[in-house]
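Here's a solo chain for you in structure tokens, the form predicted on its own.
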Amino acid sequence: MPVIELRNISNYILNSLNLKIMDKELLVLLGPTGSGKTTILNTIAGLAPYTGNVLFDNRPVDTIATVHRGLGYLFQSLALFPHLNVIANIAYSLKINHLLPDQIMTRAQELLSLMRIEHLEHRYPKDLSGGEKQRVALARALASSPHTLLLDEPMASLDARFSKYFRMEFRRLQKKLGFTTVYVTHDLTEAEEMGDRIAVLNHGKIQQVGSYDDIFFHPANKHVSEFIGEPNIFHCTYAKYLGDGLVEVGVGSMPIVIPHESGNVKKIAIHPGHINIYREKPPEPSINLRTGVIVDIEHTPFAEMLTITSNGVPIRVELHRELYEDMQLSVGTEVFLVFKLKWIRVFDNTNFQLDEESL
């Protein structure tokens, strides 16, 4: 699998962009609409004009046609051929590479099995669900055994539940097969769950590249900070080990249970978008269910930012605009909050150090 490098790439969106994608990694391109994410994919694939150089393992590929670059591309629209059934869609790229009929059928059957869609073999795209189309499109992208896979917002058409499942399945598949992946999204949660590293873009420039924690806790500039959203960072007044990898900490007078292996906890952090909010008490039990009152609402370009006080502690909560409108929230509204264990980040003497200015 190659190391892919973009050197001084410029075109109608990108501006002297430099980026290196490591062998077998999954790099997420994260940013708002129009920031250049898809254009980077098209540049790597040779589908967009550019100046500068694209290199695979230090070898320029600028004059090599798309079909010979060894890439698989999963478009946001999926682009399945409506007149071909599932197995014919998967076999298409194998046919244009002039494989023998027996080789084509063997490889297509392997992919049907790998994607667990053998039962869909003879169906046409119009008869498939969104998730089924997603699997067929991915199988087709993998058909020619590409060294690198490009994915352009592949979860955009899926509901939240299946999107979560598909992300887990794809990550398993990517690790198993070991292909390099460049993955476009505008969703922070998706980026966190998928990426080995994340590259944040804005206006055709890369603002920061790093792990989720690098970007989340140490944003390189104001744009990254605003797009990612500043975390809630809480000093802990006490920490009590409960056993089984759980610790109770005190945030002011509010107890919160967190995942940790000792009582050596100084601070905790949670992203505003990772706090669940409800108008009515949720039916499922939760160890971190709290009540609060909305005291401020800030309208941002990306979402609605609420400030909620609970036990005297101010907490920032980010909501998608559609959900905010559906819930009919306003200043003074009483709400329920849930802090999910998996989203709480822990600071102790052995890990992240924050600048005092950020506290």
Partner chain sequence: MTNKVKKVNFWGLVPIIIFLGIWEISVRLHITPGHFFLPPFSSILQESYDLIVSGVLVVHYLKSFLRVIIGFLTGSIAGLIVGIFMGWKETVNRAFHPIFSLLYPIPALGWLPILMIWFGIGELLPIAIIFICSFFPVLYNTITGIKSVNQDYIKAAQTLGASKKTILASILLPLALPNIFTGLRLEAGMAWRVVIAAEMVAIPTGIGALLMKAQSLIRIDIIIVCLMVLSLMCYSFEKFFLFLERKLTSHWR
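All of these numbers come straight from a predicted model, not from anything done at the bench. Numbering follows the first chain given and starts at 1.
Absent from the display: the form predicted together with its partner chain. The rest refers to it.
Segments offered: 182 to 190, 70 to 78, 254 to 262, 113 to 121. Contacting its partner chain in the predicted bound form at heavy atom distances within 4.5 Å is 70 to 78. Contact annotation: Ser93 falls within 4.5 Å of its partner chain in the predicted bound form, judged by heavy atom distances. Not displayed here, its partner chain is approached by Leu47 to within 4.5 Å at the level of heavy atoms in the predicted bound form. Although the partner is absent here, Lys281 lies well away from its partner chain in the predicted bound form, with no heavy atom inside 4.5 Å. Remark: Lys266 does not count among the residues lining its partner chain in the predicted bound form, judged by a heavy atom distance of 4.5 Å or less. Annotated contacts: Lys222, His271 and Ser310 are all free of its partner chain in the predicted bound form [non-hydrogen atom within 4.5 angstroms].
Contact annotation: of the candidates Pro82, Gly245, Pro101, Gly178, the single residue with a non-hydrogen atom within 4.5 angstroms of its partner chain in the predicted bound form is Pro82.
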